[in-house]
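Read the single chain below, which is given as structure tokens and is the form predicted on its own.
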């Protein structure tokens, strides 16, 4: 998602529906296209839709303009770019290695000591990232910072966020030595960038006589230096899917069959796919939400996985599949989640590798961070401007905070492991998530970010909350060039 596009819409006092956002974001200069569309319309619509965009394009054509915008098929996604110089996956050996995964390493029992160690791990892992920032050179611990009268710099975890009677904001920031109240004035630019409880930040500020720190800068661990994509010698591709929800009455079987048929066909993009990443919720599960049994076509969890195994068996043998669980799968709901158990894994062919959620792994040296994405619920409900229709925005915020689920005690259950596996310790080359049944590909500071769609039609819950899924669309990334495309079925 382009932040400039959202700002331009806000300045116009307008909103845009998901299809319009997807179309505008795909243009080389989204803001220029937006301004051109609005200029052709009679007034600014409250909610910009693809109908408005198409009407503006038609007016432009009738006016005899030389430059015509490309047509939009079915008012959904623009035509994806064509991938070029592709290798045949059958001619390339697999190169896959797990880098970081909780599977087989979980030790937590939920004791107070576990929680203490968990948060200490988070602070210890993210703290050095912040100390590498020039703004925090010379930072001290909070106990020492509270004794100083000059400008102070320190790093800590946000224990609490509260509003004052006047509408300003106070952060309680703590480290292993002490706690300090940090004041954010509503007139400050810092106020516009909300801080979440439990995220780790750096603070530059001025202490007052009453012990309050007036914030001048709030520093996040963000990606410090954007990197070029590590293009590989073998130009094979990785495809990403998520939220298949086999077992649900709304599973889109015909579209899945079309995908499997395409994978076995002669299309050069299909023949370049060496890896298929399944980012969680491959089944609909049992008892995940109230009255789920009314929406199930398969009401036995093992039968659901048997059907998934059969469907994946139709994928060509040379495709290596990496499968991680989600909140509908048969593992503990608390993150990080271990890989699916052996009694499930044994149902699948040998070209399926089971990993935990999240998992960091490499293919041909390209580092991929795969996360189902349940914490997107917390980002949507906690940060202004977030939307289920724009999951890439939430994924950018995870990268900025270097944490997949910084808010503890929200909608995402988190297990207090001795090591915080949800910290983004190493910057990935590719970051993929699912969960929200949307699709998108973009880049943030050199990281390719992908949301991997769904194979489930709109559910009753989604309809009630006006969530419109974007099903049966497969993001595909070529490792030889770093270019991506989205194939719709």
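Numbering follows the first chain given and starts at 1. These numbers come from a predicted model, not from an experiment.
What comes next is about the form predicted together with ligand D5M, which does not appear here.
Is the gap between residue 411 and ligand D5M in the model of the complex 4.5 Å or less for some heavy atom pair?
-> Yes, residue 411 sits close enough to ligand D5M in the model of the complex that at least one of its heavy atoms falls within 4.5 Å.
Looking in the model of the complex, any heavy atom of residue 234 within 4.5 Å of ligand D5M?
-> Contact with ligand D5M, no.
Using the partner position in the model of the complex, report whether residue 274 sits within 4.5 Å of ligand D5M, counting heavy atoms only.
-> Flag for residue 274 set to no.
Does ligand D5M come within 4.5 Å of any heavy atom of residue 191 in the model of the complex?
-> Although ligand D5M is absent here, residue 191 would stay clear of it in the model of the complex, with no heavy atoms inside 4.5 Å.
Select from the listed residues 472, 467, 476, 9 the one whose heavy atoms reach within 4.5 Å of ligand D5M in the model of the complex.
-> Going through each option in turn, the one that passes is 467.
Check each of 375, 248, 304, 327 and return the one that places a heavy atom within 4.5 angstroms of ligand D5M in the model of the complex.
-> Among 375, 248, 304, 327, a heavy atom within 4.5 Å of ligand D5M in the model of the complex occurs only for 327.
Interface stretch in the model of the complex with ligand D5M - options 49-57, 418-426, 431-439, 31-39, non-hydrogen atom within 4.5 Å | Looking at the other structure, the answer is 431-439.
Partner contacts for 444-467, taking ligand D5M in the model of the complex and a 4.5 Å heavy atom cut-off = Residues within 4.5 Å: 461, 462, 467.
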